[in-house]
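Just the one chain here, laid out as structure tokens, in the form predicted alone.
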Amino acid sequence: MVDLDLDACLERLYKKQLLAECVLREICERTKELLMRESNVVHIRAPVTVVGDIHGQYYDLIEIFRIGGYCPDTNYLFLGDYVDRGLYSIETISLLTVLKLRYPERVQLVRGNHESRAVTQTYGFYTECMRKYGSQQVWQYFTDMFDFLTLSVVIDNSIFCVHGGLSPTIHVLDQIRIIDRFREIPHEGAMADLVWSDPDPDKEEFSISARGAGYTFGKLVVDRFLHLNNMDHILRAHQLCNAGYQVLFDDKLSTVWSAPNYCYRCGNLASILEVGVNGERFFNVFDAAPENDRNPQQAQLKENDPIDYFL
């Protein structure tokens, strides 16, 4: 068993230094033990700062801490999609995992559709692990840990937070609580819908999604879900927003997107959502961290083919 000094790990990670493979193994094992005790619906209290997709954009994660405050001074809720697409998925997920271990009551990590073996084998995390560690072991440690991440968080019994969206098979929170989440994300069903679905302002009900997984859902679906669960807002990530955020359905649903200049070439803004003790919501909008411009690898990425941001 490795003797873990979490503060020393954080010091390294804040300098963008990789942790040893044996250390990551121990971190992932301990994180699984911690996450295993969490419900599929975790209840927390405001104030809390909510973060959307990060996608391996390490410098922009540090920018989030610069503008929103560092842990443990600020409580954070991360809505998933920590890896893939960006250049620093390992540094990003390592930092977030150690923060969760160090400050378990102040950091909440929700599962996104990219916290999956199938997706990470295609969109960058697996390849990055092979390149930086020379084997698939680190990828295995993290993807095994992903199976333990919670599916949703409720803030002050009034704001439902999830990575993607709603499901035609879920009407009340108890139906989320009974999902067997400790596995790879399935291709269909309630668990898949929570991480894959999207709101559609032109629809009223559920419709087939162009993503090939999950559904799109409209205003009537949102109104019904909020009424049945006695809540007043849905907060999710999962969709690129050029302004960094989007509010729909008469202020009943918000999307928060936290990866500025997505894939180092989309040119979009990003935001974090600060939820106050009285339920007030403030989108803190920010641009890409200046460190991104000093990296020649990112300049090369911009020259590649356009990306399909649906995934």
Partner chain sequence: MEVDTKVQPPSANTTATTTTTTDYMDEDTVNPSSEQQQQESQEQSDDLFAVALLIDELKHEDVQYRLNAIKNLPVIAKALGPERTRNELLPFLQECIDDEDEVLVVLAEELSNLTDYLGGIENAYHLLVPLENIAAVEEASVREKAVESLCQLVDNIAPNHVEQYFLPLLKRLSMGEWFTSRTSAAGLYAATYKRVPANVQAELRNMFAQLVRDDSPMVRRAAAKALSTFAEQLSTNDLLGGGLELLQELAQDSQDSVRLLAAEDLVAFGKLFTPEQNSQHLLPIFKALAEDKSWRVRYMVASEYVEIAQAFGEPIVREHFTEPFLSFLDDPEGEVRTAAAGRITGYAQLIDKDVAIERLLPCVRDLVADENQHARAALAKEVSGLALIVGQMPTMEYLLPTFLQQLTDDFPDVRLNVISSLDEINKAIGIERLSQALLPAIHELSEDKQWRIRLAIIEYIPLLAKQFGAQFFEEKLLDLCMAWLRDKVFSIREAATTNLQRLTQVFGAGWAEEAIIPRIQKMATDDNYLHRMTVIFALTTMADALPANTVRDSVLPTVIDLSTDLIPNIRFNVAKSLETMIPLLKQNPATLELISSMVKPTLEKLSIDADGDVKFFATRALETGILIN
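Predicted, not measured: the structure shown is a model, and the values here were computed from it. Numbering follows the first chain given and starts at 1.
Keep in mind the form predicted together with the partner chain is missing from the figure; the text below concerns it.
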| query | finding |
| --- | --- |
| Candidate spot 68, 212 and 277, all three touching the partner chain in the predicted bound form (heavy atom, 4.5 Å) | yes |
| 150, 121, 158, 239 - the one with a heavy atom within 4.5 Å of the partner chain in the predicted bound form | 121 |
| Heavy atom within 4.5 Å of the partner chain in the predicted bound form - the one residue of 39, 284, 246, 261 that qualifies | 284 |
| Region of this chain that lies against the partner chain in the predicted bound form, out of 231-239, 150-158, 70-78, 170-178 [heavy atom, 4.5 Å] | 70-78 |
| The partner chain contact at residue 60 in the predicted bound form, heavy atom, 4.5 Å | no |
| Touches the partner chain in the predicted bound form: residue 102 (any heavy atom, 4.5 Å) | yes |
| 4.5 Å heavy atom contact, residue 185 to the partner chain in the predicted bound form | yes |
| 4.5 angstroms heavy atom contact with the partner chain in the predicted bound form for residue 203 | no |
| Contact set, 138-172 vs the partner chain in the predicted bound form - heavy atom within 4.5 angstroms | 139 |
